[in-house]
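Given as structure tokens, the chain that follows is alone and in the form predicted on its own.
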């Protein structure tokens, strides 16, 4: 193989290494290293300023990314076909960067309650974010697997970051075991696809089967190959673990409860979005010739995921487990959008809009959770929210907006996200899935409004009498950076529900 690498081929490969195309990822990597250097050079009294450097650095990078945002004409491959750049990839870059900034802000609140190293937390968040950006733009199974494992290994550490908590360590161990299983399934599927596509006895065989475009051509030339079908099913199973789709969601309640609240938010939003970015690329490009296989599988997963997530969330009293299982149901709604995207281009924009609305609402809720939680981060019960509207009307209002959006209550952004997905599903003729989705929305209203009820309608109970003990953790005062951020999240959730403007037009016009 190496003998075939002529100077001309090497020169062509080097010419495709356009380092400017991955400037955001390189900048995040350099910023992550800078944090470690500052920890070494600065005195301990100045270490509290290092998280500020991480947040400000990301804000500058986000401004640069948005300033140079290319809405059209970005379709190109770089690094010899490893990366595919598109406007969808640009959107996901900004999505992950916003998520990372919000996680870092939540981290400043959560870590203040713990006696743990802090710089390493922000370093890991930056590295994981850069890997997610590469993952969403991957065009080759090698890059996909390396980027995915970088994300997963980073989360192994982040999930168990509160090492003094047994539940955090348990969550890290469970995530490690389930992550290893999902990686094994994914890798086995990739090996099957690579092996069958390289078989000289089959038409369209290729030595470049790791490349999504080459694999697409091979699958089109072999429309009914058993080994190819097995490989596709295993790859989809591996991705289903990452997004928390049924029946691969078993890890979610325990991991979400034990992980630090900012990490739970990171898993719920950014990690899930990265999984769906990969799923869209695989379904619409690499596995497109096998739509007759992928569409039924994803349809069954979508229906089962919606029903399981909503029904399981009904009995939860720990809010971290509740939000985790509700996130399972949201994965089901997004799966409907992925299935519909095979038939109608509108669905692709609907999925991205849903993700944007989900980011705003989920981080608003997790922001409130971070302030309500005590030092024992894993123990967050619905009872802890009793009296929140009386004690802190601002946090209660943000919570109500976030939960209302997640429930799909008009006119909030979550309602519009669900509406766009439902319209796309209707145009694609997915009527049974639409029925299941509507049932899921109705069920979800019960537990979302049960949480709101705990914050508002139990707020005016009589004060504690002499001798009574309030076992609720002390609520963290809302500092102005957190207050501004939570206010903006709630405001954007409301505004995006009323008016989608050029953002909605850009996403939904295909």
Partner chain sequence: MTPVTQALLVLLLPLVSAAVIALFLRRQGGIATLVSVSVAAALAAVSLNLILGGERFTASMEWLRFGNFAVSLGFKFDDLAAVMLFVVSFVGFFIHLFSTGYMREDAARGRYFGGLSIFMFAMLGIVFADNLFMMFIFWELVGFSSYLLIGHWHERQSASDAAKKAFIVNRVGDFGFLLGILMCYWVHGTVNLTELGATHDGGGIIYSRLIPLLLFCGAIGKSAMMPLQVWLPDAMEGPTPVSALIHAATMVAAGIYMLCRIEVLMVPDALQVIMWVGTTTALYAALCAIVQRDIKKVLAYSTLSQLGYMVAAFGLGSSSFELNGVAIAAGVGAAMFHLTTHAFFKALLFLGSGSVIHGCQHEQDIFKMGGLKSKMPLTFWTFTIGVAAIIGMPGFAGFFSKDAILLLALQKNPAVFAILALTAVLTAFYMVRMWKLVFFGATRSEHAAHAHESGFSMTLPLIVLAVLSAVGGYSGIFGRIAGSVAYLVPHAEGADHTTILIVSLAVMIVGAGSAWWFYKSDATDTLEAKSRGLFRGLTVLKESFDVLYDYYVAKVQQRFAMLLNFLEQIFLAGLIIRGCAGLVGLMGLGGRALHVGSLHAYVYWFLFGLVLLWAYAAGVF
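From a predicted model like this one, the values you see are computed outputs, not experimental measurements. Positions refer to the first chain, counted from 1.
What follows is about the form predicted together with the partner chain, which we do not show.
When you look in the predicted bound form, the only residue of 99, 370, 362, 249 with a non-hydrogen atom within 4.5 Å of the partner chain is 249.
Out of the listed residues 221, 94, 342, 311, 311 is the one that sits within 4.5 Å of the partner chain in the predicted bound form by at least one heavy atom. The partner chain in the predicted bound form is approached by residue 296, whose closest heavy atom lies within 4.5 angstroms of it. Though the partner is left out of this view, residue 87 does not reach within 4.5 Å of the partner chain in the predicted bound form, counting heavy atoms only.
Using a 4.5 angstroms threshold between heavy atoms, residue 112 stays clear of the partner chain in the predicted bound form.
In the predicted bound form, the partner chain lies farther than 4.5 Å from every heavy atom of residue 276.
Only one segment in the set 213-221, 264-272, 279-287, 316-324 has any non-hydrogen atom within 4.5 angstroms of the partner chain in the predicted bound form, and it is 316-324. Contacts to the partner chain in the predicted bound form (heavy atom within 4.5 Å) from stretch 217-253: 226, 229, 230, 233, 234, 237, 241, 246, 247, 248, 249, 250, 251, 253.
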